[in-house]
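Below you'll find only one chain, the form predicted alone, shown as structure tokens.
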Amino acid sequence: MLVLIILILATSFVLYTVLGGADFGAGIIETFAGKREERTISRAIAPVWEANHVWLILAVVILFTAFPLVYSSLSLVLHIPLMLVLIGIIFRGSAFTFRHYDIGHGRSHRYYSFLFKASSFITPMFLGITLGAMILGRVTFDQSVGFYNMFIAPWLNVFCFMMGVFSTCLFAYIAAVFLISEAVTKIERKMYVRLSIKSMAATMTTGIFVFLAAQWEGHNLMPEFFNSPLSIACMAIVAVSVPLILHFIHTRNDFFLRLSIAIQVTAILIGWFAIQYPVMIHVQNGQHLTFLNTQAPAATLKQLLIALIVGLILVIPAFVFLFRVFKVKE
């Protein structure tokens, strides 16, 4: 039961990164693409952006039901970056809705656009920062260390900042690739191709700086990576997929282009998961929170697994139908 629940949790995280990341990345890309691309980007994400949050909700439900200690620990120690993640999600959704259905294009429309773009940076940035804090190992539950050391120091550092920059670049990269097939004109397509290549380079560069920042902060991430055969295999997949993605970009094969970027992002996440497993949160005193020592009782896991299976049977066909209606070009 535990293995199946972990697989579903990992899958929901991957799907939110790929699909939700494409939505948040669209706001980042709009910042660099210019105002004239607002219509294309709005048309691309309007039918699906709300539905993509299903996978985040699913991950949160699994966490507080199957691993309540991890959920409560994250909510307590990392409540500041998590609050900023939620603020970004709420502001971005509200701004996009008001902007998309605004009948005019006056001052309020400009405010909505600014808020949409700004919050599109905030959420991926602080998602990466939160993930970095879970990896770095400065989380502590000792209240005697003071407010700063308990609630600020675990995430306010170079490594977590670089994780935030990396996730922001990754989301922009996913969005730029996805937007290529949404382009209406050849000029638009060329622009998204150019942004895809630039964001790919930015993602690869910041990925290298993540390892350097970990070393700077005293966390031996590089040796952990090379000690994991699965992580090395995943990075090989990431490297091989780069020329494939460039090939599909220039041959206008949009289906395989999107499939390739999804595989590449999945490989990045699996590579990280392989380094972490079975640890979920590295704790300063060495008593790390893992999948094994934080799991709920067997009876709870059983009921959760039944609910997940029934829910996925209902959600997945509906999701496929949604994308079939709005995203599959005949």
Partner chain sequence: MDDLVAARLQMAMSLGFHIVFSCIGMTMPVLMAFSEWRWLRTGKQVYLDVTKAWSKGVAIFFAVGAVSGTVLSFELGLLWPEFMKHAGPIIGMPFSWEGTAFFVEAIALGIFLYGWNRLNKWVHWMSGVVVGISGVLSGIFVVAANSWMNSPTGFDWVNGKAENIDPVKAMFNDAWLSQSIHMVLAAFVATSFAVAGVHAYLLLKNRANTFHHEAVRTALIFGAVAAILQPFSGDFSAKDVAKRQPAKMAAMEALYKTSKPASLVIGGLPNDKEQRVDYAIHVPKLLSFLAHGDFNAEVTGLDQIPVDERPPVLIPHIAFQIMVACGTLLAMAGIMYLLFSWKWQHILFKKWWLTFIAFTTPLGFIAVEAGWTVTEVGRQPWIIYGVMRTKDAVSSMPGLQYSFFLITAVYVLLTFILVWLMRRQINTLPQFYETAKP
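Since this is a predicted model, take the numbers as computed values, not measurements. Numbering follows the first chain given and starts at 1.
Another form, the form predicted together with the partner chain, is not on view; read the next lines as being about it.
- Remark: all three candidate residues (L76, L82 and L314) come within 4.5 Å of the partner chain in the predicted complex, counting heavy atoms only.
- From the list 25-33, 265-273, 278-286, 56-64, the contact stretch for the partner chain in the predicted complex under a 4.5 Å heavy atom rule is 56-64.
- In the predicted complex, the partner chain sits within 4.5 Å of a heavy atom of Y71.
- Looking at T40, you'd find every heavy atom of it more than 4.5 angstroms from the partner chain in the predicted complex.
- At least one heavy atom of G93 is located within 4.5 Å of the partner chain in the predicted complex.
- Within this chain, F13 is remote from the site of the partner chain in the predicted complex, having no heavy atom within 4.5 Å.
- Only one of L230, V184, A236, L86 lies close to the partner chain in the predicted complex, with a heavy atom inside 4.5 Å, and it is L86.
- Here is the short version: of N220, T205, S108, T251, the single residue with a heavy atom within 4.5 Å of the partner chain in the predicted complex is S108.
- Residues of 174-194 are not found to place any heavy atom within 4.5 Å of the partner chain in the predicted complex.
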